[in-house]
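Listed next as structure tokens is one chain, alone, in the form predicted on its own.
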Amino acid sequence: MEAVEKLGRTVEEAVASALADLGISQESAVIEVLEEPSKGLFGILGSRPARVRVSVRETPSYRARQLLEKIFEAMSLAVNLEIKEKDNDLLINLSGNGLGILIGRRGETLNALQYLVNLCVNKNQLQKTKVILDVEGYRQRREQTLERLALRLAEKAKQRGRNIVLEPMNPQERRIIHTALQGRDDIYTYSEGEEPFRKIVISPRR
């Protein structure tokens, strides 16, 4: 855990100095008062400053940011992180130049990175946090692409009167396909196969 010790004429002054060094707010800090200030003889001789130890509170946001910044530094990538907390979800959007490498083929690299961040954030934690990692709105664009694909292939299955088998997808993307086609009375969907090769079948109703 990152921490600093600081001296000051008052506890408040020492804390403010430590927070400035760490670059965090008081809400994100754990503060220990090691020594209260005291006045010496005649208010001068033997006076003692306040001494505090301030450390970073290891929230899910902090752990996620620490890991991602180390990864991006190793990759020599300049990435801006926007982190939002909503209930037990952590929404992280990445932005910058040349970040296609973080998405990979059909989001495979992004999904792998998201998996690693989830492992890091939830290690030894009783309360689990779901981390959703995105790059400049890629996931929403991918969802729209999959919805259009689902509708197109559903029409093809209906017209040809036979099953259409999609390529293997991760659970999140399969859910998008199922949701896009649920409730129809002309076709239905189901999944078959084992992970990571599990795939969706779009079948016409007979």
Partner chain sequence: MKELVEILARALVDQPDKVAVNMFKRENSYVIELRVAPEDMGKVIGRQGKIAKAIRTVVKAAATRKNKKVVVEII
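All of these numbers come straight from a predicted model, not from anything done at the bench. Residue numbers count along the first chain shown, from 1.
Here the subject shifts to the form predicted in complex with the partner chain, a form of this protein not shown in this document.
Only one listed stretch (30-38, 141-149, 64-72, 49-57) carries heavy atoms within 4.5 Å of the partner chain in the model of the complex, and that stretch is 64-72. The partner chain is not drawn, but in the model of the complex it has no heavy atom within 4.5 Å of Gln127. Contact annotation: Leu77 falls within 4.5 Å of the partner chain in the model of the complex, judged by heavy atom distances. The closest heavy atom approach of Ile132 to the partner chain in the model of the complex falls outside 4.5 Å. Among residues of the shown chain, Thr109 is one whose heavy atoms approach the partner chain to within 4.5 Å in the model of the complex. Contacts of stretch 83-120 with the partner chain in the model of the complex, defined by any heavy atom lying within 4.5 Å, are made by Ile101, Glu108, Thr109, Ala112, Leu113, Tyr115, Leu116, Leu119, Cys120, listed in sequence order.
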